[in-house]
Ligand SMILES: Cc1cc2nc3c(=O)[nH]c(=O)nc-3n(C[C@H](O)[C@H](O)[C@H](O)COP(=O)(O)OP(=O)(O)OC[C@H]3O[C@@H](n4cnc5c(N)ncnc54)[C@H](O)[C@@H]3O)c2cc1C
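Next up: a single chain in structure tokens, the form predicted alone.
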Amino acid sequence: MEYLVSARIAQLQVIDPGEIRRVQLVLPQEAEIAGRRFPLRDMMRPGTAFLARPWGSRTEKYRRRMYTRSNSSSDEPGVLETFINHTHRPQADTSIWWQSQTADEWKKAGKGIDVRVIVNESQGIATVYENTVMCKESNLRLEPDGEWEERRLVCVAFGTGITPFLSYVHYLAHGKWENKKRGGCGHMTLIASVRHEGQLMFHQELLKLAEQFPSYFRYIPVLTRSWPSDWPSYTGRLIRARVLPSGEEQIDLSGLHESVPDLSHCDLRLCGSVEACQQLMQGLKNENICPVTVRKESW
């Protein structure tokens, strides 16, 4: 049986008008389920997603949707944060609703969004449902503590694909890097590719973390379509593709190599559009570059 708990819409922040919104849902500390009250525990692992039921603007009914979490349960338990973009597809439904005035009205009125939980009757608790409990090539769940520490993660995000990697950063920075343990803290490079500066998420915070933890974290923001004249980081596409007269697609990864010249020694993580992720993987194949591990989520 599927159990749902109403979460309060605490924040609907516009990142890029009509395109990207930051959403925060706050869960109650306990919930009444099947006539019993259960304390609600948030133990989501970085890189996983929760299930919620927002409204659909096109279908005019509640829809079940998975949302990758951008914050960490270790420092913000019970606050489910994510970034939602407008897909602009003909069948778009909930992505339209999240950008609408109706969503703002729900927040103002205190109307909640249902979130799925799992009931553990033997322990007498309910926990937030996660989309996966295992690390696989097709998901971005962070490896268990004791495993990720030896990895050199290179996380490439296209647009709102930064969402799971923000969860990584929050977990690692506030739970691990701040302790400054000798060794066992790994290293993470985050490449965030967006169209223009206004689409960068947590940009200033990420810059500060890179300055605060240079031994553990590197942040590379990339603007692909427009940028200020004094923009200090990378511009243009990291991956360039063109179709040859033969019909074959030629992939140019020189922008990516400039950012990370030793990809074969990294654990590569990708998140974003299917096309961008496929082109990057094809480019690596064409150049016979094999990262230590590769995991990705695309849509």
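Don't overthink the numbering: it's just position in the shown sequence, from 1. All figures in this text were calculated on a predicted structure; none of them were measured in a lab.
Beyond the structure shown, there is the form predicted in complex with the named molecule, which is absent from this document and is the topic of what follows.
For the named molecule in the predicted bound form, the listed stretch (36 to 44, 247 to 255, 262 to 270, 62 to 70) containing residues with heavy atoms inside 4.5 Å is 62 to 70.
Proximity to the named molecule in the predicted bound form, defined as a heavy atom within 4.5 Å, holds among Thr94, Gln199, Ser193, Ser167 only for Thr94.
For the options Leu80, Ile84, Val154, Val128, the residue carrying a heavy atom within 4.5 angstroms of the named molecule in the predicted bound form is Ile84. At a distance threshold of 4.5 angstroms between non-hydrogen atoms, Arg89 is in contact with the named molecule in the predicted bound form.
Contact between Ala49 and the named molecule in the predicted bound form is found at the 4.5 Å heavy atom cutoff. Remark: Arg237 does not count among the residues lining the named molecule in the predicted bound form, judged by a heavy atom distance of 4.5 Å or less.
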